[in-house]
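The chain below stands alone, shown as structure tokens; this is the form predicted alone.
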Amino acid sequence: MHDDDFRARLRAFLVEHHPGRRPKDRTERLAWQKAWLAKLFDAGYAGPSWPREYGGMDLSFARQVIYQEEYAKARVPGPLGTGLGIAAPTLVKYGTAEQKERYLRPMLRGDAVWAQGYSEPDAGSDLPALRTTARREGDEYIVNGQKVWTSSGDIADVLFTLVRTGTPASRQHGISYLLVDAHAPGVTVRPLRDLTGDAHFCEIFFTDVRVPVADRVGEENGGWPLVRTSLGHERAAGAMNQAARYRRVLDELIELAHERGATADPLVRARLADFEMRVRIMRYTGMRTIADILARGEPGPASSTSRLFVVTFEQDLHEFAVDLLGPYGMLGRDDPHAVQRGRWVWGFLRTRASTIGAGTAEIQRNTIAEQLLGLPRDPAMPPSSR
């Protein structure tokens, strides 16, 4: 099949089966999204980069780009949780045959939602300082501790979690990677309300939670290489999807500027031109990230470049949108006079956290400086960190 035919077929499927408007009710929205992901999987349109043996499409580089562009244009629901882009590649590389068979298909179909349990109150950017412990008793680990800033933690079924199985002084050499049942006795999840009024993050407490040793990925105390794989994919995840999504968002922002008569202002036109160039750069950077993954099996340190570029762009774009709205830029989603149901204001508030997640912007800059440019290590950083 020619690439143009593939694009046309995919577009036709997304239009024909579009699930309609997103429900406001949180429970209904979760069911709506799960039903969409199941339909996508059953039709063979899920997991563009995944191996076919786990239900994916195993697309070529060119078709992954086409897939992400059409998916973003269609405005259909995205994946649930953080498992697809982060845990799945780690499981494919390090998991046992039983773990892959048990977990990957339900994750891709949306039957099981995954969330990441890495950050702790005193171990965010410095992950080797984590203190959640896992003590082995026979065929089980007993897990105690706390995680925080867990996206989708309140709807998760599985938590891919870093735990300390060595001594505190062992730092990254005493960390293991466990898959924890989010509904197991002893797991408590508390949503954290943020600036938008929503609760995107959660804190999670483990009190004597029993986890089978069979749900450890990789060797005991050998979780650090898995962390690097996960973080690399987290920073690269959706690189092309983000570029395609912001292509659409920028077009909508340009339309808004026209509607408000702002495009007569040369300064506004200059800012829009700047965003246009950055969206195009984002697309090419995303293509490079996918090419790296296909060539090396991992995104590598260049994923930090993609991550830093996207998060600074989306903050700048939403700041500009709010400026463009003038006084209306103070009205949130619940205000009847809000422009476009307050979407730009919500985006402005939501993207404040962008330069913190998946490693702060400072961590990304250090990675770029040290691993891509070969500059000396930042003396302020601990011996090993994100």
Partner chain sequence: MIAFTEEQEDLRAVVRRFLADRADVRARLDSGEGHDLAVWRQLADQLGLPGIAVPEEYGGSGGGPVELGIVLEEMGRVLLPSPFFATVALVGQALTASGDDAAKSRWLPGIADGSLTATLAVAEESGRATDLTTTATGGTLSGTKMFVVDGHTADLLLVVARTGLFAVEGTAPGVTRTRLETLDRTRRLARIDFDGAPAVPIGESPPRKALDLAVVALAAEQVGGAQACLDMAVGHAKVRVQFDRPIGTFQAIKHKCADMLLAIEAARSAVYHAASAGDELPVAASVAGAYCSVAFTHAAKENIQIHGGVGYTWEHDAHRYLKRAKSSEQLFGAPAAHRARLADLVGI
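Numbering follows the first chain given and starts at 1. Take the two forms, find the largest set of C-alpha atoms that superpose within 1.5 Å, and that set is the rigid core. The structure displayed is predicted, hence computed values, not measured ones.
What follows is about the form predicted together with its partner chain, which we do not show.
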Revision key, fill the gap. In this chain shown alone, the residue from Ile142, Ala129, Ala72, Ile254 with a heavy atom within 4.5 Å of its partner chain in the predicted bound form is Ile254
Exercise for review: Just give me the single entry in Ile281, Leu192, Ala184, Leu195 that has a non-hydrogen atom within 4.5 angstroms of its partner chain in the predicted bound form.
Suggested key: Ile281
Check your understanding: Can any non-hydrogen atom of Ala295 be found within 4.5 angstroms of its partner chain in the predicted bound form?
Key -> yes
Review point. At the 4.5 Å heavy atom threshold, is Ala169 in contact with its partner chain in the predicted bound form?
Key: no
Check your understanding: Quick one: does Thr285 come within 4.5 Å of its partner chain in the predicted bound form, counting heavy atoms only?
Key -> yes
Check your understanding: Taking the shortest heavy atom distance, is Tyr94 within 4.5 Å of its partner chain in the predicted bound form?
Key -> no
**Study point:** Location of its partner chain contact in the predicted bound form, chosen stretch of 267 to 275, 133 to 141, 77 to 85, 204 to 212 [non-hydrogen atom, 4.5 Å]
**Key:** 267 to 275
Point to revise | Core-aligned C-alpha movement of Thr207 between the shown form and the other one reaching 2 Å | key: no
Point to revise | Flag for Asp265, CA shift 2 Å or larger between the shown form and the other one after aligning core | key: yes
Check your understanding: Quick one: once the rigid core is lined up, does Ala291 have its C-alpha move by 2 Å or more between the shown form and the other one?
Key -> yes
